[in-house]
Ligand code: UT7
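Only one chain is shown below, in structure tokens, and it's the form predicted on its own.
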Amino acid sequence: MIRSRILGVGRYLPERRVTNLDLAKMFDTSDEWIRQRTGIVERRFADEGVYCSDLALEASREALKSAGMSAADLDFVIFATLSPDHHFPGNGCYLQPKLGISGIGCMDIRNQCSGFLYSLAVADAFVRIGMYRRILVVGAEVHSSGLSFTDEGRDVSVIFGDGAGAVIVGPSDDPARGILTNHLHADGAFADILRLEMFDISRKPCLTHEMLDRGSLWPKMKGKEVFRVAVTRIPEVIDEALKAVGLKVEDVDLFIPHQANLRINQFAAAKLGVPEEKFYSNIQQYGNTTAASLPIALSEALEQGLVKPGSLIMFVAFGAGFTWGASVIRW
């Protein structure tokens, strides 16, 4: 069976920086409070009128350039996001014409913080069975349009930022290089721990003034519960993925975790006995960019020389659903 690998990587972050001090002018918080709980110092916000697919377009162009390809070379698009341009259709269909192409298949994956990892696994499977050869996998978010910048919403609003990352997945010319294994999990018993209630399809209509008045427009999170489960599941799925390919934690050159909360990743690294510097972190600059965080981090790690040909890297993510997973890649 063909092995797949990542052929090109790109990222895009809006220019506007929003610091913790900026947020402290909007509601009751402080730089110290945010740093202690999340590790975040600043995040990026897109300007008015900018769509999620616009950020994705810029990241996709960078990924295509990195792979030495044009958009015409693509034969499939997978778009991961929780903040699509509109409730429907899928963002892949909005991105496609912006890339100047048509006719190829597009699909969206709505697995929130695990969205990119799930998308990568789907692309890997498509390439392995020979269905497609050049797949654009993109994660992009415009969180800033859907956050409540009030005292009531601060626990969630301080965490998130906007951004996009993309990779091109295709066949590997070396059977020893590429995506070695993917492991995906979910536990819907925790579905209401982190969710957006808006568009309650059991209601007729699904959105009412009463729902808006009670704050259904804004995401809700039970942060302590998310933390508790995340620090258990992340080390578990890392062990599972490494055992599947006969490797150990010490064999991994760089862990690239989803950037949800610096404290979660620090706790997971300590639990695994991994030096903290081997867990890549950029949440300080960007906050939680959900489906975009893994490809953004990979792009930066490559630029910084932390990932080289032959490096063993591991993606790991955990988020709403709850969903989580890990991928092991030989670069």
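The structure presented is a predicted model; accordingly, all values stated were derived computationally and were not measured. In this text, residue numbers run from 1 along the sequence as written.
FYI, the form predicted in complex with this ligand isn't displayed, but the following is about it.
Colleague: Under a 4.5 Å heavy atom criterion, is D253 part of the interface with this ligand in the predicted bound form?
Modeller: No - in the predicted bound form, heavy atoms of D253 and this ligand never come within 4.5 Å of each other.
Colleague: So in the predicted bound form, is this ligand close enough to E197 to count as touching (4.5 Å, heavy atoms)?
Modeller: E197 lies outside the contact set for this ligand.
Colleague: Hey, in the predicted bound form, does N288 get a heavy atom within 4.5 angstroms of this ligand?
Modeller: Result yes; N288 sits at the interface with this ligand in the predicted bound form.
Colleague: Using a 4.5 Å heavy atom cut-off, state whether K224 contacts this ligand in the predicted bound form.
Modeller: Yes, K224 sits close enough to this ligand in the predicted bound form that at least one of its heavy atoms falls within 4.5 Å.
Colleague: On the criterion of a non-hydrogen atom at 4.5 angstroms or closer, are W33, C113 and D155 all touching this ligand in the predicted bound form?
Modeller: So, yes: the whole triplet contacts this ligand.
Colleague: Identify, from the list I168, I78, A260, L95, the residue with a heavy atom within 4.5 Å of this ligand in the predicted bound form.
Modeller: Exactly one listed residue reaches within 4.5 Å, namely A260.
Colleague: Select from the listed residues L64, A301, I264, L57 the one whose heavy atoms reach within 4.5 Å of this ligand in the predicted bound form.
Modeller: Of the listed residues, the single hit is I264.
Colleague: In the predicted bound form, which of the stretches 118-126, 156-164, 183-191, 205-213 has residues with heavy atoms within 4.5 Å of this ligand?
Modeller: Looking at the other structure, the answer is 156-164.
Colleague: Is any part of 295-321 within 4.5 angstroms of this ligand in the predicted bound form by a non-hydrogen atom, and which residues would that be?
Modeller: Going through 295-321 in order - heavy atoms within 4.5 Å of this ligand in the predicted bound form - the hits are F318, G319.
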